[in-house]
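Here we start with a single chain on its own, the form predicted on its own, put down as structure tokens.
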């Protein structure tokens, strides 16, 4: 493989890997607080993409209750991206209130909560299909108006062409990753979240409002998931109500690979899988969705707690 081609594939891998990372952070945040997986996160990812698509003033298709519908206004893409993320965050809060909180207050088995979140995911996906249909939607090229479609970082003889959308995705993902890291590590609320993740009962006894922080966690999780959905839709297309399912499975692979509940691990796992997928030879591209689980299988054989995870200490 030529150096230029290798660099091209690495850039492609870093771009999609950064999206995997911020998507997996939504899983990681909730798991670190509650110790359970939110299977509805993939549906929130999908809804974020649809929210942003609607907010930029795009028209829906001819299936669903909103057939041929269009908002009377269109926001600039940066504002629509943020607003779509906020709406996805509010869906996350709704999921917490209806799916997680009632079972948590009853002290239900975590398996019941997991199944409940899976049921919520199915319900949300079917709602999406009911309202906007099952066809694919592509963001109009005008969302990046004023920017060239691609940039050549190489020479005319050895071009290294990077799509502008990939650069935009990488920059937005980096901003989210840095901002979330600073929030968790440098703010009072972030320190309270870390305390709740260590021991919710003790944190509550120390005066920390755990219910409020859990709601905040679901909002942040939904927000970053919605942003990730928009970025994927911008890069390729919104393939339908179920397009978050494949990313949901891959996000699970990312957090297990990096270490359950470990934020740096989620970032590292996302980048590893993104780069590995794009380094596949052309003849194996059809199997790229399997690469995440192949890497996961190999790593877990060697290090069951994940790359950056901590081994469980059994007390006797």
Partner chain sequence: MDQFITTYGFLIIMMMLQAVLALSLYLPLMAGQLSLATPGFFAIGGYVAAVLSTQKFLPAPGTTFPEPLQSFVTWLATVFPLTPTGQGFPIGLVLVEMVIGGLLCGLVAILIGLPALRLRGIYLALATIAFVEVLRVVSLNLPITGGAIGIFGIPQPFPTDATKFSYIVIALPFLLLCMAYVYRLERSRVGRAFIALREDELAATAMGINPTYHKVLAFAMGAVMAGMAGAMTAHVLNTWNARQGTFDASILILAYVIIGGSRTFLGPVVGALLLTALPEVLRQVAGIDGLPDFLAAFLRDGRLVIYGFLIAFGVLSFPQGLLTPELLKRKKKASAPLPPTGGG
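These numbers were taken from a predicted model, which means no experiment stands behind them. Positions refer to the first chain, counted from 1. Take the two forms, superpose them, and find the largest set of C-alpha atoms that agree within 1.5 Å; that set is the rigid core.
Not on display, but discussed next: the form predicted together with its partner chain.
- Taking the partner from elsewhere, no residue among 53, 81 and 138 has a non-hydrogen atom within 4.5 angstroms of its partner chain in the model of the complex.
- Under a 4.5 angstroms non-hydrogen atom cutoff, its partner chain in the model of the complex lacks residue 60 among its neighbouring residues.
- Although the partner is absent here, residue 245 is a contact residue: one of its heavy atoms lies within 4.5 angstroms of its partner chain in the model of the complex.
- Among heavy atoms of residue 71, none comes within 4.5 Å of its partner chain in the model of the complex.
- Contact check for residue 152: no non-hydrogen atom falls within 4.5 Å of its partner chain in the model of the complex.
- With its partner chain left out of view, the stretch that reaches within 4.5 Å of it through heavy atoms in the model of the complex is, among 173-181, 159-167, 98-106, 84-92, 98-106.
- Among the residues 115, 215, 147, 134, the one placing a heavy atom within 4.5 Å of its partner chain in the model of the complex is 115.
- Of the residues 271, 263, 34, 252, just one reaches its partner chain in the model of the complex with a heavy atom at 4.5 Å or closer; this is 252.
- Contacts with its partner chain in the model of the complex, taken as any heavy atom within 4.5 Å, map to no residue of 227-241.
- A displacement of 2 angstroms or greater separates the C-alpha positions of residue 300 between this form and the one not shown, with the rigid core held in common.
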